[in-house]
Every structure is written in C-alpha cells, then in structure tokens.
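Encoded as structure tokens, the following chain is the form predicted on its own, with no partner shown.
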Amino acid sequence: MHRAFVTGATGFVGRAVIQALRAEGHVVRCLVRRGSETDLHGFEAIERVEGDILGPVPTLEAEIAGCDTVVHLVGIIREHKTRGITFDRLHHLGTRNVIVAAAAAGARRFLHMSALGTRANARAQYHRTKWAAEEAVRASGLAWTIFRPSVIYGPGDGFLSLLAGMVRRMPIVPVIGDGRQRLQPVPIEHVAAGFARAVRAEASVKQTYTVAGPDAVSMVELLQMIGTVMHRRVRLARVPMGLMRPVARVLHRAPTFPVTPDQLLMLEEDNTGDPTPFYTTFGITPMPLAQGLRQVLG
C-alpha cells in the first residue's frame, strides 16, 4: 500500500486524481489551504493537513512524513500580484519548496504536473516558470515523473464548460485571432489515471509525458464540434489579435476580463504533441474527442 501526499488537491484536476489514487488502492493525504476545506466535501476517506506549499520547509516535511509519493499539482493560469500570487512564486519557488520537504521527509516518488508547451525559451511566462519548476524536479534526486497535459476537459472544467456556455447563450461566438491554432483536449479521467498508475510504474521514472487526446483540432473546429453535440448552429466572429493585445494589457486585471496578455501569447501557439508513450505506459485507451464531448455535453 502506498501513501500519496497531494498538493493542489482541491482543484479540478486534484479531485479527479484523489479518486484515481484511491481506486488504485493508495492512501491519500491532501494539503489543504485554510478556507478551502469545503472544496473536498464528499471525500471522507482521505487524510487532510492544513498548510501551504510556500510555508516553512520543516512544517511541510512534517506534513509529508510517512508518505512515499508526492503528487504535486499546484498551478495557476492567472496572476494576482497584489495578493502575492505569481507564476514564479507558485510554479517555481513553490515546487522547489515541496521538493526539499519531500526529500527531507523520505518520500521516494515525485509526480509533477507541468503543461504542454513548457520549454526554456517559451514566450509566455506561464510556460517559462513551468520549465523552471521542471528543472528543479529533474535536479531533485527523487524518482520523478513529469506530466505535460494539453487542455483538460470534463464535468466542471474551466474550459470546455466556458465554450459550451458561449455556444448555448450567444448568437455569435467570438474567436480570438484566426482560430487556426490546434490543441489536443484530453479527458480528466485519463490525466488522473496516469498520475495514479505512475505510483507503481517503474518504467515512468525520470520520464516526461505529453498528455493529450488523440485528436488535434483548431479552436474553430472545436467550437463547431461542441455545436454539433449540443444541436446548435455556431456562428463565429473573429476578434483580431492586434485588437485584443492592447485591450488585454489595460483590462486583464479585472477579474471578469477573459484573457491576460500571457494567455494571448499561448493562444498564438499550437498546443499539440505525441501522447502515444503516455497511453502505452499507463495502459489507457485514447478516447476520440467527439466521443468525449458527447459524454460531457450530451
């Protein structure tokens, strides 16, 4: 029996990973920030400890003690600098903190959530800080595995649900740029299963996996597929990137404004890769995107 310590447990991915870990027979201990306890309502058969990945290392070490695996899922897509929530602090410094505490606590495995597109010379700060976190993981001396997901979808996600809501409510759906950039949405169940099965999969040690669905589609194609599943005609209006950039620079701090300048940089790139090693290593059967959309939206 393995005991897994999970950071980011209260998020969309975290809740699914908890379920997958328990389905694989692992005992789960979750790091929960004060005030977030209700986000794990219904998860009764888990251990909870209150803390923060940026807290003192000795405190984190004590909270991890007795766990042989650390599943590190913490990440943000938007900064709130006035509250100290930045990419560098959460992605890079937070990851380093957890690594030091995990090693001191005697944990052996370190399973790390990164992102597809992460690289040293990335344009977006999100991807650059994810790369810095990866470098810390690779240098840790722990038996690490890195996962780089494309867009993750499932009930309650923050992406597909948003697009479906736009298709449902709006007579004309805005598309930023030309809408040709491709992505490979992946079901949340597959992401969670990969993390849970990696605990015992020795072949995955010191490996980095592209975690993506089998179908690469453009944003325009994805919106049309959503419309087909929902039996709605989708009319699109393209918003030029040259118009969005200056507007985003001015308005991105408003919580209701949909995109930041950093997100626009990521929207200009394809978010694709070869997920074959991921599916093969963890014994998961890829799900066609059309089938996944029917399951979530149908």
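Note that residue numbering begins at 1 and tracks the sequence as displayed. Just so it is clear, the structure is predicted and the values come from calculations on it, not from any experiment.
Here the subject shifts to the form predicted in complex with a small molecule, a form of this protein not shown in this document.
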### Message
Using a 4.5 Å heavy atom cut-off, which residue among A65, M241, L54, V250 comes into contact with the small molecule in the predicted complex?
### Response
L54
### Message
Residue-level question: is G14 within 4.5 Å of the small molecule in the predicted complex, judged on heavy atoms?
### Response
yes
### Message
in the predicted complex, is there a heavy atom of the small molecule that lies within 4.5 Å of any heavy atom of P187, even though the partner is absent here?
### Response
no
### Task
Flag R48 as yes or no: does it have a non-hydrogen atom within 4.5 angstroms of any non-hydrogen atom of the small molecule in the predicted complex?
no
### Task
May I ask you to state whether I176 is within 4.5 Å of the small molecule in the predicted complex, using heavy atom distances?
no
### Query
Mind checking whether each of G117, Q181 and T210 has a heavy atom within 4.5 Å of the small molecule in the predicted complex?
no
### Message
Partner absent here, but in the predicted complex, which of 149-157, 135-143, 214-222, 196-204 has residues with a heavy atom within 4.5 Å of the small molecule?
### Response
149-157
